[in-house]
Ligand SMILES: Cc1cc2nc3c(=O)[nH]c(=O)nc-3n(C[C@H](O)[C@H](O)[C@H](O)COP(=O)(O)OP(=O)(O)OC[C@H]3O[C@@H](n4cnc5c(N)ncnc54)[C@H](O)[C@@H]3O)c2cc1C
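Listed next as structure tokens is one chain, alone, in the form predicted on its own.
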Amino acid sequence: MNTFLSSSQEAVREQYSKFAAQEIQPIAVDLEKGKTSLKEFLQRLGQTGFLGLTIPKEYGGTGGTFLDQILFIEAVGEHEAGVAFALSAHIQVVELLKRYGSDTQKSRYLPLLARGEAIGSLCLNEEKAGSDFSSVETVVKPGIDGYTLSGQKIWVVNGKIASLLIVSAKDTETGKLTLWLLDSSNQSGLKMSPGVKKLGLRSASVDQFEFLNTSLTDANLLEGDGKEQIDFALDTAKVVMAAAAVGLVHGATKLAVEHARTREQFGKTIGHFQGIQWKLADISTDHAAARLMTLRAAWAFDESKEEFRNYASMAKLIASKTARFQSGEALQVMGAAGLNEDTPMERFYRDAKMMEICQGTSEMQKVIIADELKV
């Protein structure tokens, strides 16, 4: 594998970086505070082609690679990781449909997802089913005219802004996990309520759903093994969040370096002090390592699917750990200047801790990596 990007990929990365700097950075605080509509912003991303990066051209996308997608997320994460968190849920729906959807499901929904006319959300988590999805209590029951879906889901990313849900449920007859497509914009028997206020990643909505004998048919079912589908969706989101973490560290590094160059103490800029230099060197090195691992995982998605699960967990583990620790070190370099509310550094620090938990905890990644080692 070539671990370095080609000239065309570097050009694409530069394009994404410019877009994010121009379109996301100026409104990052307003997105976090809800003063700028996340839904409208995601719809604009759809109109400009950024929601269809991996969707085939015949379904209205640009037909790019998952690596292209990850480069875009990295650019987003540099300015507002909450948007990347929202995109992770949308991308999960896109990739599940691409891999497990029927031709009819793909033709109907992928163009809507590409254009931003539908925002996707994956409904997995429950009170008793966090990392252990075998404990799902939401059920789907066969009936005379189809099926009914009953249960509650929490921590639903994009819940209140999504119109296309994929919901996990146990079949009451077989006991197997299944995934179901649900158009929430035209559905009775569905109740949404706001979720909890979060430490970070605040621009992304995280909500709760209650399904009250919601009607389904065979046309709503994603064909295949539910556990395999959930593992794939989570692995996909891990790499998305790893890319967001890499972008966050890049943003934090730039702020810390600029502060070190301009802040004067004891007659010189603090960048002249070895203690500051060493911190910045460690931040830069860990950022580069996390980025290479994330690119490796994205490459595996496209080119080496048998290795994807392992590298997805590795990327999520190292990138989120780097974001949490090194955003703290960058904040230390900034000193009191980084503590003010509404400064990027303060937001980065809060967001970074969330990344070690959301879309799969660091502890679960270690379990998966150890399992891959066959120990």
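Note that residue numbering begins at 1 and tracks the sequence as displayed. This is a predicted model, so every value here is computed, not measured.
Below, we turn to the form predicted together with the named molecule, even though it does not appear here.
**Q** Check, residue by residue, if V206, T361 and V367 all come within 4.5 Å of the named molecule in the model of the complex, counting heavy atoms only.
**A** Spot residues vs the named molecule: full contact, yes.
**Q** Heavy atom within 4.5 Å of the named molecule in the model of the complex: which of P194, G130, G146, G224 fits that? Just give me the one.
**A** Exactly one residue meets the criterion: G130.
**Q** Scan K160, H250, K198, R115 and let me know which has any heavy atom within 4.5 Å of the named molecule in the model of the complex.
**A** Answer to the contact question: K198.
**Q** Is there a non-hydrogen atom of N125 within 4.5 angstroms of a non-hydrogen atom of the named molecule in the model of the complex?
**A** The answer is yes: N125 has a heavy atom within 4.5 Å of the named molecule.
**Q** Would you classify I357 as touching the named molecule in the model of the complex, given a 4.5 Å non-hydrogen atom cut-off?
**A** I357: yes, in contact with the named molecule in the model of the complex.
**Q** Does any part of W155 reach within 4.5 Å of the named molecule in the model of the complex? Heavy atoms only, please.
**A** Because a heavy atom of W155 falls inside 4.5 Å of the named molecule in the model of the complex, the answer is yes.
**Q** Which single stretch, out of 301-309, 117-125, 68-76, 252-260, brings residue heavy atoms within 4.5 Å of the named molecule in the model of the complex?
**A** Only one stretch qualifies here: 117-125.
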